[in-house]
Every structure is written in structure tokens, then in C-alpha cells.
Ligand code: BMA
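Just one chain is shown here, as C-alpha cells, and it is the form predicted alone.
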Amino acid sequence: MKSKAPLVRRYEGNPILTRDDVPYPVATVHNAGVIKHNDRYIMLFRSHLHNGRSVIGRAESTDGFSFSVHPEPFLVPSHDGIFAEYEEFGVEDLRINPVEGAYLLTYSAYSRHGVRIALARTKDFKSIERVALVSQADLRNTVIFPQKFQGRYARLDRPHSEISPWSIWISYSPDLVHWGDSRVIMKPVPYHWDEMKIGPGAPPFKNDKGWLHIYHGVFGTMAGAVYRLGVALHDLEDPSEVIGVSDQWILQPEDPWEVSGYVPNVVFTCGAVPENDGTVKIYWGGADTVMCVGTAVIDDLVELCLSVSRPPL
């Protein structure tokens, strides 16, 4: 890319949501899944309560920039059955995955046993049905593709492993509950902007060249870790085939509320909304403290994957 113009244009009104916008006591607003539902943007954001544990709130918007927050949290740790045991320490970093006319919600469930992925379902963002706990510990950052591949659902996730540190894996399921046939498809690159770890970000969305996936990558510095966003392109028919991974990041912490906050030097996405005009709205948490948004041209992101590319493994 020869232009010096940023690939992701930050919204001039950032941050678009802070703790001051929430009508119940929270310390942060960040890492939100976002989807367009019935011509309204739905944001399901994470907040730390004042005891340090997390809940998921709900906000809505007509334009994708100005959000109003519902007076009560949308998802809090369960008090019933096995979910109560595994959500004891909080629910975090929810993704909204549009699948088969409903929305599958994947989120991190924290407990004394570690972190694992929980799956829930909603059709209207009013009622919610918990479906299953779909991973063992330690695994998080799960996104589900919007369609089946040869009769199976497919997901991306990020297991913890010192042997293959914090890489992106793909798994398949016949029923959304039982997952397997797993393999690693993308790894960090040594001495690179994402060398410490990578993980799924926003759920992938389709364009004519493939499935575009905006992911996060982490680089360690003497002052601590820096979280940036990158982009990868998956094959339309076989999502385990990564056609290209941009060798460059598309977004890094720059604004004051991204550089300084609860966790400094972080931009972290859980949601992106492709629009009919060929752009995509990308939503990210700034420093684990506030929510921000920016726009990018989808074709520019695809071209970056194809022309400024590195091997996925």
C-alpha cells in the first residue's frame, strides 16, 4: 500500500462509550461484540464491576456511532447448574456470531478452574439461552463462521500452549456442542508485531475473495505488551486455508485512551460490521477502558492480505 492515509479511519467522536455512559456502577467499558440487527447496531460490551469481575452490558445505536446503554446488564454470571461453577469469576469478551437466523454468543467464562468458552444463543437480544460450555481450559477468543462447511460448523479459537504459543486454531462441529478435528492454521512470527501471541478478533465476514478476519496480535516491549490489530483472508470453501495474512498491522494504540488506561497500549476487537457501501465498521476496546470505532474499505484490507502478505505458519 503506497498511500500514507490510515487503513482504519478513527471516528472523530471516539471514545464512543465510557463508564460514564452506563447507568449502573462499572469501572470500564471495553471489548464489545457488535452486530447490525433489524437496522440497529447492537453492542454487547464487557465491564469490570467494582469488585474486579466482569459482566456484559447492552447498548444500541441507529448509526453505529452514538450508543445508548440499557439500564441493566445483558449477561451476568449464572447462578444455576454447571454454568454457575464455570462463570463464577465473570463473563468476558463476547462475540456475536450470526448463524442460521440466530445469534450465537461466544464468551470467556472465568472461574477457579481457569478460563473456557461458553456458548449461548439469542434471536432478539432480549432473551438468552445458554447452550453449552464448548471448550476445556485454557482457551478463549472463539469466533464462529456464519455458515456450515460440508455440513459442519467451523470456529477459530486461541488455546494456550507454550509449545505453539497463543496461535489461532480451527475446529469443527456437527451440532455446535461437540467440537474436534482441530488444527493450528496461523502462528505468530518471531520479532514481528504479533510475535508474542495472536488470537481471533471479530467474527469473519464474507467478500468475493474470501472470509476476512480481523485478529489481534501482541508484541512485548520493555514497557509491557502492545496489542494491535491485523487482518487475514480465509478461503471461501475451506476456511482452514489461509490465503494471506497482512505482514503489517492495520491499527495500533495511538489515541490517549488507547495508550493509557486499565491496561495500557491496547486496541482489541471483538466485533466488525460490514456495510453495503463496501466499508466495515471496526469496534475496539481502548486500553481495556473505553469503546472506540473506525471505518475501513473492505477491498483495501483484502488487498493488504494478498499483496503485503506473510505465510500463516
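Residue positions are given as counts along the sequence shown, with the first one as 1. No experiment lies behind these values; they were computed from the predicted model shown.
There is another form of the same protein, the form predicted together with ligand BMA; it is not shown, and what comes next is about it.
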query = Which pick from Asp93, Asp157, Glu87, Asp194 sits with a heavy atom within 4.5 Å of ligand BMA in the predicted bound form?
reply = Asp93
query = Using a 4.5 Å cut on heavy atoms, which of Asp288, Asp247, Glu60, Asp255 is close to ligand BMA in the predicted bound form?
reply = Asp288
query = Looking at 247 to 255, 266 to 274, 34 to 42, 60 to 68, which lies within 4.5 angstroms of ligand BMA in the predicted bound form, counting heavy atoms?
reply = 266 to 274
request  = Check, residue by residue, if Arg46, Arg140 and Tyr227 all come within 4.5 Å of ligand BMA in the predicted bound form, counting heavy atoms only.
outcome  = yes
